[in-house]
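Here we start with a single chain on its own, the form predicted on its own, put down as structure tokens.
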């Protein structure tokens, strides 16, 4: 089975980018090992006012330390930090954006959580999603799975008992499916969002929503459909973050033949206003995104 390094070499990745990807991907093992000792909440909030799990803090600190020590990264933006961090002594010109532990509220009930990473080669963390050089996530489920794109399709790998990533599938093509999940309370949905969801349900759509963005997207990538965290009646800007969540996941969706939107615009074409820029998110099969935008554009 093809290893991660063998794949990156065959994809023509420059050595420094390959080194950075392999280094970050390897951190899935220590993050996963830290689950047992970091079950509680940390008593702090992140930049979006959300309670931080102890593992949120641990993962953020661990990844930040590893990335800084690599000397490959000039800027780092993390969901758990209020500002972009700069590393003046870096020899590389990469920038990393990350959600160190997406879905951390599910740790105590042992459901899937993950780490989302985006990598730019322009040294600027606050860049558009369509400028990403690579995007990936590590999903901590029955297997530790790495899903990655370096701009040449999407490939999935699983970590074996030695810590080596071995290819499971690729290039992955997202089908037109009927799985859907939507955040926000039903009573707070806008009329257009409700109409869109009802159109999916009328065609036999199946609800799948866990509260972990990365885990829910992984199902969409495999089976097709759409993940939504929409604007609501009382919150037009949405909840999820453009920089750490929408851009890396949207890049992967696009590379697999899918799309990402805020209901009217391709999120990959939006320049972030700040590190915790929030946005409504719809990501999944291209046909469903087109239907959504036709409804919202009326």
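Positions refer to the first chain, counted from 1. Please read all numbers here as calculations on a predicted model, not as lab measurements.
A second form of this protein, the form predicted in complex with a small molecule, is not displayed here; the remarks below concern that form.
Contact annotation for the candidate site: 79, 229 and 245 all lie close to the small molecule in the predicted complex (heavy atom within 4.5 Å). At a distance threshold of 4.5 angstroms between non-hydrogen atoms, residue 241 is in contact with the small molecule in the predicted complex. Residue contact check for residue 101: one or more of its heavy atoms lie within 4.5 Å of the small molecule in the predicted complex. Contact between residue 211 and the small molecule in the predicted complex is found at the 4.5 Å heavy atom cutoff.
Only one of 132 to 140, 160 to 168, 118 to 126, 93 to 101 lies within 4.5 Å of the small molecule in the predicted complex by heavy atoms, and it is 93 to 101.
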